[in-house]
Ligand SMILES: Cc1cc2nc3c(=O)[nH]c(=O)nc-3n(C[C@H](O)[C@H](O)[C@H](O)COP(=O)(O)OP(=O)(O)OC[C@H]3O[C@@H](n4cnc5c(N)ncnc54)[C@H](O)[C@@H]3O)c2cc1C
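We begin with a single chain expressed as structure tokens, specifically the form predicted alone.
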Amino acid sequence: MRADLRTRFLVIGSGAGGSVVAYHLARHGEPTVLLERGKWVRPEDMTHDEPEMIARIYKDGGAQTNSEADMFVLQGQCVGGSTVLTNAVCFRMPEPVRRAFEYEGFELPRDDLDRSYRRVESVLNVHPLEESVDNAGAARLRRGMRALGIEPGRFDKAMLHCIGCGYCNVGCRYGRKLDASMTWVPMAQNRGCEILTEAEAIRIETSRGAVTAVLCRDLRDGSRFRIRADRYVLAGGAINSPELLLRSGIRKDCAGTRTSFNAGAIMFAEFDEQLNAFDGDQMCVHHLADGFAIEQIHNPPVSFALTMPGWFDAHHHAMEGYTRMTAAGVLVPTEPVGRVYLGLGHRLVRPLFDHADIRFRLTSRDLANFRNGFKTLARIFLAAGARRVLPPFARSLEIRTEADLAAIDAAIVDQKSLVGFGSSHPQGGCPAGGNPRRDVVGNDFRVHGIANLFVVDASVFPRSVEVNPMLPIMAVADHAVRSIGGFEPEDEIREGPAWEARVRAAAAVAAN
């Protein structure tokens, strides 16, 4: 049982946004508590047992879906949040997206954001991953892209001496991925931040336009306690942050609105020769196009099978070609038409069912982008020498020649046409902007109408950021510290695994 606490800053959520804010506050000497619903799963506690790790570090054991159960939404539930589940891919927010945010009222000054990127990238050791850890499917994708006149992109990643084991999505048992649990959170703890794990915020209590306390539950024994602070930072992610606002009766008019995703599904290609593409980094090659992205993703066997189209014997036969296959996903930055809300189940059967619901349907524009994306990816696979291509469609389809591509348009009718459709990049729900009637938070990241409550995570994006969002979330959180803490972060961060590695390398050079 935990006792009530009093602190200067309470940060709710230890993912990409909350971890960065907590570190800067602690470094500045501010008494800070970081609240996390999940456990702190250390590298030595991780395994390559996919079902075990998915159950341990994913929200709802990886089973979170939209209300119609035709879309999965993957999020982390552990210290470090969803950063622990990523492939450490780092894209800066595209400049057209930043300008679009500005047009919608969310101002992120370019020079300030660039300074934040440089700080964050230094901590994460962001760099193009070494080709020595590529999986064998990467060469096929590059060959197919170049045959079509497409220059393949190489991912920048937050890694330190990656060995290419191929199990990034169930954590990194080797401690080589510089997610928030390996960087910002322990750095914050070393600076005096108190980390409370296995504890969730269940209601934000307010009075006269300010938060007075957050009611929390200790998930180890079910007991309740309160944390009182001067300022509160909500960083639970694009589903949990609007849910907590709704449960607390805060901004019920617009919390949960304008939810978007980088959503997608995986296409498979089988070759005549053995590839063993499971041996190496999962994600090596990408192509960013107008309206969609193609990203190689070669999953370990369980996750591979979960997204493979087909039923019974057809599915079994397809999986028999696992060692001859590679795969890539088509990701579409969806329009912000989704909604996070408290449904009937939440009202009737609490506390057994206390999750928010997610309403989302692909628009006609999104569907058109998926058609274009899958046709482009199929052409890439065919140009790479694939003997057959298996698109993720409910309607069974096998592509062997250019003539077969015409069937893709007819196969994608609506969202239910896609097998294994979903997202690990939910965004929006607490959109930022200067209009209190439409936006949840202002440009100072303060919730409109609440003097001491801030939101800093992917939920503040008014629409999809269009790329893997981990790095933009961290940079925006770094930028937000000016408003939350009232101070300018120091230009250089001289701590953390990447800094220590650079110091060791410099010492070795000097010694020689």
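Here the structure is a predicted model, which means the values were calculated and not measured. Counting begins at 1, following the sequence as shown.
Form predicted together with the named molecule: not shown, discussed below.
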* Structure fact -> Testing 146-154, 87-95, 372-380, 308-316 against the named molecule in the predicted complex with a 4.5 Å heavy atom criterion leaves exactly one stretch, namely 87-95
* Name the single residue among 357, 200, 335, 194 that comes within 4.5 Å of the named molecule in the predicted complex, judging by heavy atoms. => 200
* To do: Consider the chain as shown here, without its partner, and state which of 296, 260, 83, 183 has a heavy atom within 4.5 Å of the named molecule in the predicted complex.
  => 83
* Asked: in the predicted complex, do 169, 235 and 425 all reach within 4.5 Å of the named molecule through at least one heavy atom apiece?
  -> yes
* Though only this chain appears here, would residue 445 touch the named molecule in the predicted complex if you measure heavy atom gaps against 4.5 Å? -> no
* Asked: Contact between residue 78 and the named molecule in the predicted complex at 4.5 Å, heavy atoms?
  -> yes
* residue 468, heavy atom within 4.5 angstroms of the named molecule in the predicted complex -> yes
* Is residue 108 a contact residue for the named molecule in the predicted complex, using a 4.5 Å heavy atom cut-off? -> no
* Structure fact -> Within 443-464, the residues having any heavy atom within 4.5 Å of the named molecule in the predicted complex are 457, 458
